[in-house]
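Single chain ahead, by itself, as C-alpha cells, in the form predicted on its own.
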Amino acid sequence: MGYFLDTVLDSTTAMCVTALVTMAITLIFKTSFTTNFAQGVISAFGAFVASTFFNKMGWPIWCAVPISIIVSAAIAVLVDVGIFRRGRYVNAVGKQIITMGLISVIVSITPLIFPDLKYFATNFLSGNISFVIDGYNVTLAKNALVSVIITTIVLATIFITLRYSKWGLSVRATASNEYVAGMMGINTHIVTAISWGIAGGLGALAASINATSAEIGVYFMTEYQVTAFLAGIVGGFATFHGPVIVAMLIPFCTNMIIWFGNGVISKLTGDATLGASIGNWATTIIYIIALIIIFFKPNGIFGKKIEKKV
C-alpha cells in the first residue's frame, strides 16, 4: 500500500503539467479551430524567460514565473493577431502547417536570445513531507504540493470563468459557430486573442513547473504537448473538461502500470526483470488503450456526435 501511494504521489507534477498544456491546446482548438503544434516551444520559451530572471538577474522565482507567463501570453497573442487573423480563412490543414512553421522560427530564435540553453530553475518550495505506511516510507515533495495547488486554482478559475462570465459565453459561442457568434455581436477577434494569450500563459506556467524537476531545453515540453493532443482526442475536443480529465489520467495510469510491473508482477513471479520490462512498456500500453477507446468512441470519451443541418 505504501509503495502504491508513493507511486500515485509521484504522478502529481506530471499530472499538473499535462493538464495545463491540455487546457491551453483545447482553448486554441475551440476558438481558432486548429491544433497548435507550436504550443510546446512557446511554453519552453517562457521557461527560459523565468530561468533568466531567476538565475541571471537574481529575481525570486515567484516574480520570475509571472513575467514568463506575461511574455509567453504576449507571443501567443502576437501569433494570433499577426498571423492567424490574417489567414482566418485558411483551411484546418493550412493552419496546422502554419503552427509547424512557427516551431522552426521559435526554435531558431530561442538560442539567439538565450545563448546558454542549459538553465535550471528551482523548486517553488524545498523539502519533502514523509510518512510511513506498512513499513514503506512515502514521500511527497512540497514542490509537487505547491504545483497541485497552483494548477487547481488556475484551472478552477478558467472553468468557472468559462461557465459564468461573459467572456466564457463568448468563447462557447465562438467554439460552436464563429460566423453566427459574429452575427450576434460577439467580437470573435477579441475572444480568440484572449484565448491565445491565456493558452500562452498556461504553457509558460506548465513549463515553469516542469522546469523544477527537469533540465530546460527547446524541446523539453514536446512530450507533454504530444500527450495533450492524445488527451484531447481521447477525451473529446467537444468539451473543455474532457481533455483535461484524460490529461490527468494519462500520467497517473502510466505510473500505475509501472507500479503494477515492479510491485505486483515482480512479487508474484519473483522476477524483478520481468516487472521492470512491463514498466518500460507503460507508454506503449497507454497508447494501445487509447487506440481501443478511439475505435469504440471516435468522438472521445466525453465527446458527442454533432449533426449539422444542411
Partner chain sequence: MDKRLKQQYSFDSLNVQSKTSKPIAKNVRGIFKNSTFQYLLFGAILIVLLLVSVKTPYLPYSWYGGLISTACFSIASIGFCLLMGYSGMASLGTGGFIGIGCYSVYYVMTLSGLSFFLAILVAILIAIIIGVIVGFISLRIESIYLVILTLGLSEILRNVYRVLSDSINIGRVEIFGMKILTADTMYIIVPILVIIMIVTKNLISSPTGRAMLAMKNSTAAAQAMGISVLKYRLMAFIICTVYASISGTMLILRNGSATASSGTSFYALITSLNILAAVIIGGYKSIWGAIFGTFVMYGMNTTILQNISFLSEHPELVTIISGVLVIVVVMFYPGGLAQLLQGFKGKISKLLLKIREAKYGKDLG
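Positions refer to the first chain, counted from 1. It should be emphasised that the depicted structure is a prediction, and the values quoted were computed from it without experimental measurement.
Unshown form predicted in complex with the partner chain; subsequent notes refer to it.
Looking at the partner chain in the model of the complex, is some heavy atom of each of 103, 233 and 298 within 4.5 Å of it? Looking in the model of the complex, the three residues 103, 233 and 298 all sit within 4.5 Å of the partner chain (heavy atoms).
Taking the partner chain as it sits in the model of the complex, is residue 163 in contact with it (heavy atom to heavy atom, 4.5 Å or less)? No, residue 163 stays farther than 4.5 Å from the partner chain in the model of the complex.
Consider residue 59 of the chain shown here, and say whether it contacts the partner chain in the model of the complex, taking contact as heavy atoms within 4.5 Å. The answer is no: residue 59 has no heavy atom within 4.5 Å of the partner chain.
Contact between residue 213 and the partner chain in the model of the complex at 4.5 Å, heavy atoms? No.
Should residue 45 be counted as a contact of the partner chain in the model of the complex, where contact means heavy atoms within 4.5 Å? No.
In the model of the complex, segment of 152 to 160, 105 to 113, 179 to 187, 69 to 77 with a heavy atom within 4.5 Å of the partner chain: Partner-contacting stretch among the options: 105 to 113.
Which listed residue (226, 129, 125, 132) meets the criterion of a heavy atom within 4.5 Å of the partner chain in the model of the complex? Only one option qualifies, and that one is 226.
Can you name the residues of 202 to 225 that have a heavy atom within 4.5 Å of the partner chain in the model of the complex? Stretch hits, in order: 219, 222.
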